[in-house]
Ligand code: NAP
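Consider the single chain below, provided in structure tokens and representing the form predicted alone.
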Amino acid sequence: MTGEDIGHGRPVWLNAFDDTRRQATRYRKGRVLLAGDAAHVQMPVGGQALNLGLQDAADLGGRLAAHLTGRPDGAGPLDGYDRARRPVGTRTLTDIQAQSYLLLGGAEVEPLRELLGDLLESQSVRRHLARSISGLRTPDTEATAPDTETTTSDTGTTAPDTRTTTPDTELTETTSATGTTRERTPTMGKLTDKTALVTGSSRGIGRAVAQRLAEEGALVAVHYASGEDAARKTVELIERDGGRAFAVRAELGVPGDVHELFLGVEQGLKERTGESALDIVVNNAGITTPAGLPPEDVTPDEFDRLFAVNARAPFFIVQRSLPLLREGGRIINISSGLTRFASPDQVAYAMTKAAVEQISLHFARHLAPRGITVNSVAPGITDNGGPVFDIPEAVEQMAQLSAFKRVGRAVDVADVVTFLASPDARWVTGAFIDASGGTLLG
């Protein structure tokens, strides 16, 4: 490496290492708990392995102390050690692998080195990488420790039917021979390094939810049943704005639907993050009965189809996601204002959404020990891009049902969902959130 001839020398100390990357599949089995190099083996670059091992020991030590002193409510149960530390180990090993490519790669990685050099001019990128290498970027610190640097965001007035989104920004001054310039660069969102699944996100409320979660930093699995082009459009919109997403196809309400969905979700997450872990699940996909269909005309097949897509699928999606959900995860189920007022032509549909609310209520109690919140959001009449919203007279008539005298926009609901998915909503669970624009006020 240096060009010097060292053939005549006598080694007094020899050491060898490579880019081996190994991790235990479980950090606990009965009375055996793994920490540090017993739990993971990695290239010793940047001291990250030392930081990682120390943090494993600190987390485990607190849990053992609480267990032995009979205070399990202190640092958390022993079962939570694996869920807390193994995802951090996986992410750190992935970061080290990326560094090894940059360090040991040849000419083929030069373009990547140049690109990284350009990105490092951004303060937010430098902070992100520094927190990664130091081991400070963990799920706990992301949830509880806000950035301490001053941020500045633009504010302004928005018209009633328009929405302007301005990300949090940092004001950076650069001085050169030509003077001082100021540049705004985005800061990390509240969902940075989180992963999310949004069912039925190829259009309407689902698309808006996927976009908002991605704006806040989440990697989003965009689910669709048949609208492949629309799902690709959602992914394109997210990536155009600097977010990350991938599309997953699965028809809900048929045998094997949830299994097919999670095969795609787990593969997509594994390819992009190195693990199949979820932080956020949004059950948005659903079907309705045709407008104007009286209850006496609903057939058994239509009834069964409604429940298969709107109630059975969300239940088993939640069930299937439980092994993948990290502690402190979020489940948001999209219900409907129709569970709170009578509309006879939608009785079967309203019944399915009432079932969804029960999923939220009971799973909220069941998952609370893991810090996972489960809530229901109930939209009212919301413009989902359907043809009826192109008819001014129909829109005006629908608008009268809202206290604000306008039809809801998809992003109105998406903002509520995004709040529930964020650390800010950690104390809200089992709730029914009225996002109908005051329609339920009467």
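All residue numbers refer to positions in the sequence shown, first residue = 1. Quick caveat: nothing in here was measured; it's all calculated off a predicted structure.
Here the subject shifts to the form predicted together with the named molecule, a form of this protein not shown in this document.
If contact means any heavy atom within 4.5 Å, which of 222-230, 124-132, 235-243, 102-110 contacts the named molecule in the predicted complex? Contact criterion met by 222-230 only.
Counting only heavy atoms and a 4.5 Å cut-off, does the named molecule in the predicted complex sit next to every one of Gly200, Asn284 and Ile334? Yes, each of Gly200, Asn284 and Ile334 comes within 4.5 Å of the named molecule in the predicted complex.
With the named molecule left out of view, choose which of Arg305, Arg320, His366, Lys270 has a non-hydrogen atom within 4.5 angstroms of it in the predicted complex. Selected option: Arg305.
Among Leu34, Val45, Ile381, Val411, which has any heavy atom within 4.5 Å of the named molecule in the predicted complex? Contact check passes for Ile381.
Contact of Phe262 with the named molecule in the predicted complex (heavy atom, 4.5 Å): Taking the distances in the predicted complex, the answer for Phe262 is no, it never comes within 4.5 Å of the named molecule.
In the predicted complex, does Val309 come within 4.5 Å of the named molecule, counting heavy atoms only? Yes, Val309 is a contact residue.
If you check in the predicted complex, is Gly80 within 4.5 Å of the named molecule, heavy atoms only? No - in the predicted complex, heavy atoms of Gly80 and the named molecule never come within 4.5 Å of each other.
Taking any heavy atom pair closer than or equal to 4.5 Å as contact, tell me whether Ala250 reaches the named molecule in the predicted complex. Yes, Ala250 lies within 4.5 Å of the named molecule in the predicted complex.
Listed by sequence position, which residues of 202-218 have a non-hydrogen atom within 4.5 angstroms of the named molecule in the predicted complex? Contacts from 202-218: Ser202, Arg203, Gly204, Ile205, Gly206.
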